[in-house]
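In structure tokens, one chain follows: the form predicted on its own.
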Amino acid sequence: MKNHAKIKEVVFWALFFVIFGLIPLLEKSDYHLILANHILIWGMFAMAFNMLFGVTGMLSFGQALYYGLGAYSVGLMVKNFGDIWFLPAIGLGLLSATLVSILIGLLVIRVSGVYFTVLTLAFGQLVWQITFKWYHFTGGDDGIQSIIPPGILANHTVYYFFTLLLVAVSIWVLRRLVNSPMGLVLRCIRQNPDRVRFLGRRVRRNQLRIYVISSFFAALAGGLMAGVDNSIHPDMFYWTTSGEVILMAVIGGIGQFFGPFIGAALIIIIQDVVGARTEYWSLIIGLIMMVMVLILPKGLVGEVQLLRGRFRPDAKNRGENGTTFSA
């Protein structure tokens, strides 16, 4: 099993660097670089969210709060102090997201299930409303435009490789976390928190830790996206942003570590292909997503793993749902 998991991980990383590393060489259009950047950033965002939902069992509808916080930290700093503050602003966004997630996390982890979900949604919507109404500071519904990274980062290809590097490091860190003792505790919390308490582990402390970690990488995604699109808008805080990243995780497979990244790539490509061909793209995309959820209840990667598991001699040793986060 361990060797099989290592092989799958090597395959993922090989495909990851080959595909995304060759895009700037094969595609001369900035449009394709932007599309690839969106896949990278949304993929990381979805994987960070899945540390909450897929690993720990905490369904948050408020991760857009930290995504938007990372983006607006960059936008406001560049707008008020110049593009030289772009990189420090990403760091400021990460620090702000960490502090805010600690404060909010101390409140929301006191409840579970639907109450946790509603509370995270409420905080996210509160910040969205403030951002939308505080026009003189945030730009209101116009957002902030002309966010240009400084120096060589203003070059689309250079910024693409900058994003690729940060996303790869982020995925590696999340992977190490899943395979660490803390990752094991988080999976146990999802299955039976009472037993974890009985064993002497602090459930709420570990829930707070993973909530903060997930929020940290969500803020990083927002900060990077500000440099890709060169603009930000209040909808980055809106609940539909959280809903979109949840859908990416579900489509890819919440029971598989790399599943949310695959789901993000699939959804972004579908949106791009369908959106370019019809004005009814939102209806068609909605129907496609609905059919995929119904046909692939375990997600794309989860169903593939389940199908392969049926033909393996050790299939009986797998978990009940065929998902172990080993790959």
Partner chain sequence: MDPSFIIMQFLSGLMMATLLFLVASGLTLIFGVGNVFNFAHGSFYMIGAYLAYQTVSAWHANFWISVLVAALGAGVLGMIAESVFLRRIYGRAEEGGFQILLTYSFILVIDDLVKLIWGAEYKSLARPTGFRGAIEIGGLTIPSYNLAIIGIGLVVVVMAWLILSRTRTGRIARAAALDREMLGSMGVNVPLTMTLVFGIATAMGGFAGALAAPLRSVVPGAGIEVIIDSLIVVVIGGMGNFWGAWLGALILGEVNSFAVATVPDWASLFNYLVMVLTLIFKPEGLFASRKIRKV
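Positions refer to the first chain, counted from 1. Not measured: the values here are computed from a predicted model. For the two forms, the rigid core is made up of the largest set of C-alpha atoms that agree within 1.5 Å on superposition.
Although it is not shown, the form predicted together with the partner chain is what the next lines describe.
- Contact with the partner chain in the predicted bound form, judged as any non-hydrogen atom within 4.5 angstroms, is confined among 215-223, 78-86, 123-131, 152-160 to 123-131.
- Contact with the partner chain in the predicted bound form, judged by any heavy atom within 4.5 Å, is made by just one of 262, 268, 59, 36: 59.
- In terms of contact with the partner chain in the predicted bound form, the residue from 111, 95, 102, 168 that brings a heavy atom within 4.5 Å is 111.
- The putative spot formed by 69, 208 and 237 is not touched by the partner chain in the predicted bound form; no residue has a non-hydrogen atom within 4.5 angstroms of it.
- Mapping the unseen interface onto this chain, residue 53 counts among the residues with a heavy atom inside 4.5 Å of the partner chain in the predicted bound form.
- In the predicted bound form, the partner chain sits beyond 4.5 Å of every heavy atom of residue 31.
- Shown alone here, residue 287 lies within 4.5 Å of the partner chain in the predicted bound form, counting heavy atoms only.
- Taking the partner from elsewhere, residue 119 is found to have a heavy atom lying within 4.5 Å of the partner chain in the predicted bound form.
- Residues are counted as partner-facing when one of their heavy atoms sits within 4.5 Å of the partner chain in the predicted bound form; in 167-184 not one qualifies.
- Residue 294: CA moves 2 Å or more between the shown form and the other one after rigid-core fitting.
- Residue 283 is among the residues whose C-alpha shifts by 2 Å or more between the shown form and the other one once the rigid core is aligned.
- Relative to this form, the distance between the C-alpha atoms of residue 269 and residue 289 is increased by at least 3 angstroms in the predicted bound form.
- Relative to the shown form, the Cα atoms of residue 284 and residue 246 move together by 3 Å or more in the predicted bound form.
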